[in-house]
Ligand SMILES: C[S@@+](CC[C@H](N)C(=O)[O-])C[C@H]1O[C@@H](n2cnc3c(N)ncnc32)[C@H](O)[C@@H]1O
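Consider the single chain below, provided in structure tokens and representing the form predicted alone.
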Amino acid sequence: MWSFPQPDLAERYASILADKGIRWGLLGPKETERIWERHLLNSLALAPLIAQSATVVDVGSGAGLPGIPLAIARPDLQITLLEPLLRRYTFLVETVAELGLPETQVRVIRSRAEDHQERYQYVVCRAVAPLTRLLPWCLPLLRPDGELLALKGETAQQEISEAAPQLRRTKRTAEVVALDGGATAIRVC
């Protein structure tokens, strides 16, 4: 199981989520007790699926999940936090600055996925939309050999089945991946 090489930085982020993240309405008030397990460690579970020194975009980053935990755990990654809503974008800018994450490693961009023009090795997302909606938003952000990694719950296999026509049309395959800590993701290659 992956861990945070800088636990103090992860602790600071957890504190920001428990305080400002809840005050700003990015997490529900009952999430305080579950920040580590449900949010940080769940996000961190994607780390082993991402190649060394990769470029990653976190679509619909919201409170920075999974992008910020990945940045804390994997300083080798170049992460873009993509968020269209001003309040969430502002939260991300302030949080990245407060954590002291270098601009060369973590960028925050206010944009919708479908309006963003850059290409990445990995697109990651969490609690954004069903796969049928994610595919048209996220596939254009991928390099030809890139992968979409979407954290999902129990509906992962059903979402793949519903997206089968889109996957065939785009010549992509999808699989459910069991991750550390009981997390589940859909990997689209």
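As the structure is a computational prediction, the values presented were derived from the model and not from experiment. In case it trips you up, residue 1 is the first one in the sequence shown, and so on.
Just so it is clear, the following notes concern the form predicted in complex with the named molecule, a form of the same protein that is not shown.
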Among the candidate stretches 61-69, 46-54, 156-164, 28-36, which one is within 4.5 Å of the named molecule in the predicted complex when only heavy atoms are counted? 61-69
Wondering, does residue 107 line up within 4.5 Å of the named molecule in the predicted complex on heavy atoms? no
Does residue 93 make contact with the named molecule in the predicted complex, using a 4.5 Å heavy atom cut-off? no
Do residue 74 and the named molecule share at least one heavy atom pair within 4.5 Å in the predicted complex? no
Answer for residue 103 alone: is it within 4.5 Å of the named molecule in the predicted complex, judged on heavy atom distances? no
Go through 67-91 residue by residue and record those having a heavy atom within 4.5 Å of the named molecule in the predicted complex; state none if no residue qualifies. 83, 84, 85, 88
